[in-house]
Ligand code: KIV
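Here's a solo chain for you in structure tokens, the form predicted on its own.
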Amino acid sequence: MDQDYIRIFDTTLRDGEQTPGVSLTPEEKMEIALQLDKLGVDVIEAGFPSASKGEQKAVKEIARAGLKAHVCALARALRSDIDLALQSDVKYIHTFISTSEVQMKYALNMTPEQVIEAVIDSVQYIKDHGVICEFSPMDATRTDIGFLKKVCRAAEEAGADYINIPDTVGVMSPKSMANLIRELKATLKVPLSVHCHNDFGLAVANSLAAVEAGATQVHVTVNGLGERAGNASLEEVVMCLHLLYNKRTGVNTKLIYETSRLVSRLTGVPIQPNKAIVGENAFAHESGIHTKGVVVKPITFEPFNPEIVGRQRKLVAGKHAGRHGIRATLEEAGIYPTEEQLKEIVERVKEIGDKGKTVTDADLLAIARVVIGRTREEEIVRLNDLVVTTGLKFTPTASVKLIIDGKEYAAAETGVGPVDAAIKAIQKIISNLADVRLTEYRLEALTGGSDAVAEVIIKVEDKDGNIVSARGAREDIVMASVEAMISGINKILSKRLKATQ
């Protein structure tokens, strides 16, 4: 057997479905199976036929789908379970029985001798029907080593094609897992597999340690789904094998992310943002030092290119952001600010970040549009101060101070709301300079929650029929509206000045 090729046994549809709260329909199971086959896993454990009629139906349909991967069914070491698996038309059966003292006594109520008899009978029965047999001594890592070897040798002599060693309650460390696999490998000739649970967060590490010790197959689930804390995650195991261990698998890594998203959507289990490989933050950079590095040379702060797993690099705007990252994000969107414009955009982003708020891509683009649009017109009118009061028993009132040609002007007005009051106060101040009325007002983007950046787009018209559009972007809708209004007034006044020159 090629020791550099590691078989990927995917149990998303069986152990992954045992995640509390997850229940897949036969149609959903088929959709995931087709994606797993496209991904390139070696074995798809489609389900546990004895669990229900729906499970039998799903396993049979997947077995008949003509997939390249082996389609496997789980069965206890009972002929009745094995018969249901065989009736599901699979050519690969994974049978198991508890071997630890605690589980034999309290879960099975069987003696060690009875367990060995059941192992021999079930493995032989599966092989008599001409299908591949994988055997698991459940709770192997808490089983007496002498008895574990005896059980595994019995399964091998009965004809098992693979022996899988489950760390059923996730109690192993990488060193102890490697030692166990080496000891079993010295005893057995059959290929060894490993099935690790993540109760201590070591499922992936233990799986890789098993491979180092000679295991040639790893049980995994997409996104690490499974009982309790889950199983070894497919995406982490595969990428570690490929890039850290120089091993090969049949997995097309470019399809990892789309597979992860599909499974998350169908199971309803979200992916934590900082999840390795597939989390939304896995290739996101905010720190100025990091963003500068990855813009110039990605390898400075990334272990591998995100495209390898079907991802894209993401430069995040926030209080830790730097000019390089923000410029790169804007240029990717077709926006090319000057140095002065970029400076103001960065300052605004940091100001929002300092308030503990997240700056989304939509927020950043809105801020950039406002800054770039505003700096193209002459700043004849500038906001100096704004105070707004509103409430259930108060008429909304706004007090505005503007700087015009170096002089401060103030006015106060009431309105149907704080935005209306603020705009009326502005119009009152500049009425002698320009008779400008608001002809259109809308909120173009509200990203995220109640503290998100609001983008306001307006149209204003003067008495001469000059119409201009303007926009503002702030966390405060009133401030965004005032910013847009003042920008519109400046555009009107700039037009007039140019017309008289």
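Computed from a predicted structure; not experimentally measured. Residue indices: 1-based, along the sequence shown.
Not pictured, yet referred to below: the form predicted together with 3-methyl-2-oxobutanoic acid.
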Contact residue in the model of the complex, from Leu386, Val190, Val346, Met138 (heavy atom within 4.5 Å of 3-methyl-2-oxobutanoic acid): Met138
Residue (of Gln217, Thr143, Thr168, Asn198) lying close to 3-methyl-2-oxobutanoic acid in the model of the complex, criterion heavy atoms within 4.5 Å: Thr168
Arg14, heavy atom within 4.5 angstroms of 3-methyl-2-oxobutanoic acid in the model of the complex: yes
Contact of Tyr162 with 3-methyl-2-oxobutanoic acid in the model of the complex (heavy atom, 4.5 Å): no
Contact flag, Tyr92 vs 3-methyl-2-oxobutanoic acid in the model of the complex, heavy atom cut 4.5 Å: no
4.5 angstroms heavy atom contact with 3-methyl-2-oxobutanoic acid in the model of the complex for Val71: no
Contact stretch among 232-240, 94-102, 395-403, 255-263 - heavy atom within 4.5 Å of 3-methyl-2-oxobutanoic acid in the model of the complex: 94-102
